[in-house]
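Next up: just one chain, as structure tokens, the form predicted alone.
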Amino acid sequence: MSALEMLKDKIREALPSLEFVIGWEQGFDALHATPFFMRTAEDVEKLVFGPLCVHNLSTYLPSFRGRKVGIVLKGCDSRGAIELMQEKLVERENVVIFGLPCSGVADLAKLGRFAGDLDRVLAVTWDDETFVLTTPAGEVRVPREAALADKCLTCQFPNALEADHFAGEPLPPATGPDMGSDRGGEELAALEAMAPADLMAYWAEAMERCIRCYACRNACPMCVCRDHCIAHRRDLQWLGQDDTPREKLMFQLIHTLHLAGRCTECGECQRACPVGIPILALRRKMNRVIRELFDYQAGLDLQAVPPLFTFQVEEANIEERKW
């Protein structure tokens, strides 16, 4: 029996005691799987799982706080759920987690470089080595490593870290020169090597493309104050409405600070960006600082207390007296 069929059996057994279970179903075309709320045994038959299941479903959990629900989680998504539970934004006892191993999700922008117009893709299949896109002009074969999202090439946690039911064989973490706790190392090193003026010019050029759609915020599982978001508050005027790189970068820096010690690097912010701004680099830089100061990575331990939820007069790695 495949891991997917095992998962379906587990969900059918648990569904009578739950309002619904959040998973994925086939989307509007061959390249998209979309979040799906299963309420009946017939719904469970529509459940799919594979490299096109890109959305981090833990984003939905705070909306259903206090309700008994189930959710299908892969490794990076489970870190988001754990962090939400650590922050008491979700009650662990109200969530039944169906965990899976994940061998990586596809980056549609990368696939588009091989296939050209993705609207012409009629079907997509994959194996351990290759993605095969079927188009009216024939098949386009894409090496798997060239098709996966960057975050998956260095994934340290391919299996759900917290699960009531786990389907499938656990996978080993990725290996490579830029993996593990220093993910994004090469990208960050390149940015850190820039002179301040060049770095500002880099971000100004990137933010020039921003259309202030806030998709990065809306896709983030840890961005839970969106109904009172600083970007839309008019009383304190933290952010102006000017369509300038300065204002847009200001929002990203505020967002990054809100995620200090909380970001799990699921990459949803960057995936959701319609103009390809490398936002994740800002979060990774902050995560590196948090690791250096507090030896902490978000979303790994349900019992851990995030460092910014605590206070000590003297932190071990902050030499305040030498300032």
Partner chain sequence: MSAAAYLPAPRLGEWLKELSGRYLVLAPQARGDTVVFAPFTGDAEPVLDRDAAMPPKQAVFPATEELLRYRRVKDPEDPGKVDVEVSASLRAVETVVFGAKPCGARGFLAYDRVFRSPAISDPYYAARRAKTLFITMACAAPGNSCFCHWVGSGPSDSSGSDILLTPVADGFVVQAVNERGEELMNSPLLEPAGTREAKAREIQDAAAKALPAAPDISRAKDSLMAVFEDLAFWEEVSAKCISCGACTYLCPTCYCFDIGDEDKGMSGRRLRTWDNCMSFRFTLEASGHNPRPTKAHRLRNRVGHKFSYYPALHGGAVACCGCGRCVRLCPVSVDIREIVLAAIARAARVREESAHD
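Owing to the predicted nature of the structure, the values given are computational and were not obtained by experimental measurement. Positions refer to the first chain, counted from 1.
Omitted here: the form predicted in complex with the partner chain. The next part is about that form.
Subject >> Every residue of Thr125, His165 and Leu293 near the partner chain in the predicted bound form, heavy atom within 4.5 Å >> reply: Zero of three within 4.5 Å in the predicted bound form.
Original post:
In terms of non-hydrogen atoms within 4.5 angstroms, which of the given stretches 195 to 203, 80 to 88, 98 to 106, 112 to 120 touches the partner chain in the predicted bound form?
Top reply: Stretch 112 to 120 is the one.
Original post:
Looking at the partner-bound form in the predicted bound form, is Ala41 within 4.5 Å of the partner chain by any heavy atom?
Top reply: No, Ala41 is distant from the partner.
Original post:
Do Pro35 and the partner chain come within 4.5 Å of each other in the predicted bound form, heavy atoms counted?
Top reply: Yes, contact at 4.5 Å.
Original post:
Heavy atoms within 4.5 Å of the partner chain in the predicted bound form: does Asp29 have any?
Top reply: So Asp29 counts as contacting the partner chain.
Original post:
Is Glu129 a contact residue for the partner chain in the predicted bound form, using a 4.5 Å heavy atom cut-off?
Top reply: No - in the predicted bound form, heavy atoms of Glu129 and the partner chain never come within 4.5 Å of each other.
**OP:** Only one of Glu139, Glu186, Glu145, Asp243 comes within 4.5 Å of the partner chain in the predicted bound form by heavy atoms, so just point that one out.
**Re:** Checked against the cut-off, the match is Asp243.
**OP:** Go through 261 to 281 residue by residue and record those having a heavy atom within 4.5 Å of the partner chain in the predicted bound form; state none if no residue qualifies.
**Re:** Result: Arg271, Ala272, Pro274, Val275, Gly276.
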